[in-house]
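The chain below stands alone and is given in structure tokens; this is the form predicted alone.
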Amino acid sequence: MQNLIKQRFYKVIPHQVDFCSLRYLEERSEKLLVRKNVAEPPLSRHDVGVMLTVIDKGGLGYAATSDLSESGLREAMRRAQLWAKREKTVINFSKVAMPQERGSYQSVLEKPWNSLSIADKLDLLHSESAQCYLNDKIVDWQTSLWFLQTEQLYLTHEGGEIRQSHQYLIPEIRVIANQGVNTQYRTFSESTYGRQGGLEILDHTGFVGKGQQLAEEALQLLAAPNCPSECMDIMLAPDQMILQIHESIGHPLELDRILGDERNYAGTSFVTLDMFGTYQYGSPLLNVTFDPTLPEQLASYGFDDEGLPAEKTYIIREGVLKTPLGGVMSQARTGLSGVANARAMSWNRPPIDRMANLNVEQGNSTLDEMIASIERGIFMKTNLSWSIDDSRNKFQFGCEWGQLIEKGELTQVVKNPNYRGISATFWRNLKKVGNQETFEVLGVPYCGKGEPNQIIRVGHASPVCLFTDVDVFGGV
């Protein structure tokens, strides 16, 4: 199909436009779920279409279609041209040097999704589900596997051609325990453990056998006292760090948000253009990279959706803000360097500035060293709730699991742990960064942004991190 699309595209390219491109996307997905030891009907989805982009006489126009015939592409091209003539607002798009790259990218697979039958995969989910029910205080539980495969083709009128193939697996185990008005959650969440690859991800993430552990922890939380409310040190596990990175580094550094494009829907940013290169975003221990080149991460790719080659870039280095998360268009609007992060949810959405793999680089502290350095603190795991203001500055996050640290030792488990802070100062209180042994590669499949809304996949990796003087409080 891709070769046929290519032939049709070159037949419908309009004469004497400044730029023209086609982005083809085909996506297949399958989800298997077992809830309370009962398999639900498998869900499958197949979606395919193209987006045509035209830049002409300073204007930019898009048109999308699922009609992949030559006449369908020709009609979409006509509409894109029409919009290019009408839309001449932000900048002179004809002066933007659009990429004309050629290349390819393919996910690395060890064990393809289809190497196991649906029956075998359901057996695996049933086995984990059965381990989740320990007693009648476990009131709900489920296990699931969500597989996605995408095929992409990007063509430009001057011979650019990029082919990319991705496969993803997103596993989940969720356990809910209840006693009276007390409800506690423990999850191996699909909003945390997604990666790029095949069924080998289940081995790499420790999926098998996790159900019983989560159930035991949920019951432990039911019996635990409430988290104390006081200012203390806080040690965050990677599965909470990814939310902290996502909300208080990723979103505020998206260049289109800084320019005000998102203010009507998702808000603005406390970051301003003049901060890049000088602003002390965090302590000297903070190093954050944009890195779509790591093969196992959820948002790895060779090129973004405007054809810009992806490469590892330091966003924050030794605490200093260096580079915004802005693609070709935003770079042209600001004159700042950026990254290959123009990404679209699907064939019927235009690319906008998005996070991809945004990672905190590992440090040199062991977990034991971090714990031993804490006189009074708390170790929190697994995000449960989040709230952050429109400028992505003031935040309040809650976790599923808390464990006090007293005089250098992990002590009592506590329930309903929460903490709050201000992005502009929270990262400056980063005291220790964990080493490779504390480092985990994780991913978020549901990052929303844009009008109309776009939900995309984002990768995050992080070690355990220790922060000082944080406002901690218990929930209800």
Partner chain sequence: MQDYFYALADFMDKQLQDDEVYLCELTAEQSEFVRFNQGHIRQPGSVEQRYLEIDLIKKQCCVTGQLALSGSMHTDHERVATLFSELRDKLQHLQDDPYLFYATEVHSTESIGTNQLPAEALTEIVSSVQAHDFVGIYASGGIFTGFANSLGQRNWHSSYNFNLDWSFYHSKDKAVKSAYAGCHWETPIFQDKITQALAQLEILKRKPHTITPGPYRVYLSPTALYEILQLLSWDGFGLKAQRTKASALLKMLETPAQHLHSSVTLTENTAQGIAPAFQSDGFIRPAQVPLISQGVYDSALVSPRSAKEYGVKTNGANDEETPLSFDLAAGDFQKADILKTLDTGIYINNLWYLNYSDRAACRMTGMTRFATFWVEKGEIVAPLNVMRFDETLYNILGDKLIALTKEREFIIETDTYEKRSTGSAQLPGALVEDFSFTL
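Because the structure is a prediction, the values reported are computed rather than measured. Residue numbers count along the first chain shown, from 1.
Below, we refer to the form predicted in complex with the partner chain, which is not included among the displayed structures.
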query: Full three-residue contact with the partner chain in the predicted complex, heavy atom 4.5 Å, for H157, P284 and F303; finding: no
query: Close approach of F93 to the partner chain in the predicted complex, 4.5 Å, heavy atom; finding: yes
query: Touches the partner chain in the predicted complex: N435 (any heavy atom, 4.5 Å); finding: no
query: Contact test in the predicted complex: L134 vs the partner chain, heavy atoms, 4.5 Å; finding: no
query: Distance check, R392 to the partner chain in the predicted complex, heavy atom within 4.5 Å; finding: yes
query: Heavy atom within 4.5 Å of the partner chain in the predicted complex - the one residue of E375, E311, D203, E87 that qualifies; finding: E87
query: In the predicted complex, the residue from L148, A266, V320, L222 that sits within 4.5 Å of the partner chain by heavy atoms; finding: A266
query: Answer range among 285-293, 351-359, 189-197, 97-105 for contact with the partner chain, defined in the predicted complex as heavy atoms within 4.5 Å; finding: 351-359
query: Heavy atom contacts to the partner chain in the predicted complex at 4.5 Å, residues of 244-266 in sequence order; finding: E247, L259, G260, D261, E262, R263, N264, Y265, A266
